[in-house]
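Consider the single chain below, provided in structure tokens and representing the form predicted alone.
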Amino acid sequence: MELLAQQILNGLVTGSVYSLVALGLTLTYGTLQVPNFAHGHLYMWGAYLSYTLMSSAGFNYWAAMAVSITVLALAGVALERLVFRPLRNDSPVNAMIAALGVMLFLEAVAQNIWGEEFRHLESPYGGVVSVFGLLVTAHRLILLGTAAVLMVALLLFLTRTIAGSAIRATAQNREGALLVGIDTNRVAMTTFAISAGLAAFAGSLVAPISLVYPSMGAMITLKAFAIVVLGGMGSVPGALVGGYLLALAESLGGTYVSATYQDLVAFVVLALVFTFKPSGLFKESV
């Protein structure tokens, strides 16, 4: 029973990271119909920036995270403005090719700057605490708490603010949003900024409990797409629920089936969803 509880806790921690990344991906897809394959590499860059700022520039953890989020949010705006907006009226295939190009570019630049070796960010909250008899590092509890706060804040932003309503209106009907005076170009930039910022936040959170390396974005991108498909393309609630479901399936499957095939869970989820429920768990966009 204790092993089960420990694995559920591990799944919730991992699920928090998955959901943050998937939220950013589902926002850009739901609002702009852009399958941003480079999204996981923004997550990778967020982890690297926090690592560099702490290890080389002497920043504390939260300051490094704030700078990382800001830089990546601006990078998201630049990506939308310079890469995806010019392709908005072209074939969707062109946007997919552009996203793949950005993904390869970001990984190549990271390899040139930091090399291919694995790096690890030391957490200032590395102490172990007991929660209902389960041993867990303080950093994992902080990850759970801050991720939950950010998810609630994002939901409130989307449902209770004018900017959030504009994003939702654009996702539901872009032409209709234009007709009622919504600046869809500004909505697109805002959405990409939020999406990239979420990726950087997730990368900064996970860096102290995982390894940082240039190709780390590829696997998280695959899992984020699996989550988006599972939850429903463009559905924010679906991304939240799907992230935790996938992480729990991985954690429990790795423990009770085989750790060797743990990363294959995402492929199995994709296959099952496409076979039995291609619309996903939720149907609403953003």
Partner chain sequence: MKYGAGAALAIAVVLPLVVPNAYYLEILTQAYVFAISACGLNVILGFAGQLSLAHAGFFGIGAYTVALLATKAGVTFWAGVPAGIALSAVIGFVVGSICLRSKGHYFAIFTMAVGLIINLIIQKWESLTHGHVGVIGIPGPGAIGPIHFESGIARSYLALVCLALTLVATTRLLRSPVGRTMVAVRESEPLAAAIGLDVMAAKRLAFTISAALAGLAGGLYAGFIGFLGPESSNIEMTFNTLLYVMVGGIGSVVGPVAGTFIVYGLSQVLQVLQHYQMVIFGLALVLLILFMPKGLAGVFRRPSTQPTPLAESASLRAGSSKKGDK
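Positions refer to the first chain, counted from 1. Worth saying up front: this structure is predicted, and the values here are computed from it rather than measured.
What comes next is about the form predicted in complex with its partner chain, which does not appear here.
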query	finding
Option touching its partner chain, based on a heavy atom within 4.5 Å in the predicted bound form, out of 71, 87, 144, 154	87
Candidate from 131, 148, 109, 78 lying within 4.5 Å of its partner chain in the predicted bound form - any heavy atom	109
Residue 124 within 4.5 Å of its partner chain in the predicted bound form, heavy atoms	no
Heavy atom of residue 60 within 4.5 Å of its partner chain in the predicted bound form	no
Residue 225 within 4.5 Å of its partner chain in the predicted bound form, heavy atoms	yes
4.5 Å heavy atom contact, residue 238 to its partner chain in the predicted bound form	no
Heavy atom contacts to its partner chain in the predicted bound form at 4.5 Å, residues of 93-112 in sequence order	93, 94, 96, 97, 98, 100, 101, 102, 104, 105, 108, 109, 112
Sense of the change in Cα distance from residue 173 to residue 237 in the predicted bound form - at least 3 Å versus the shown form	farther
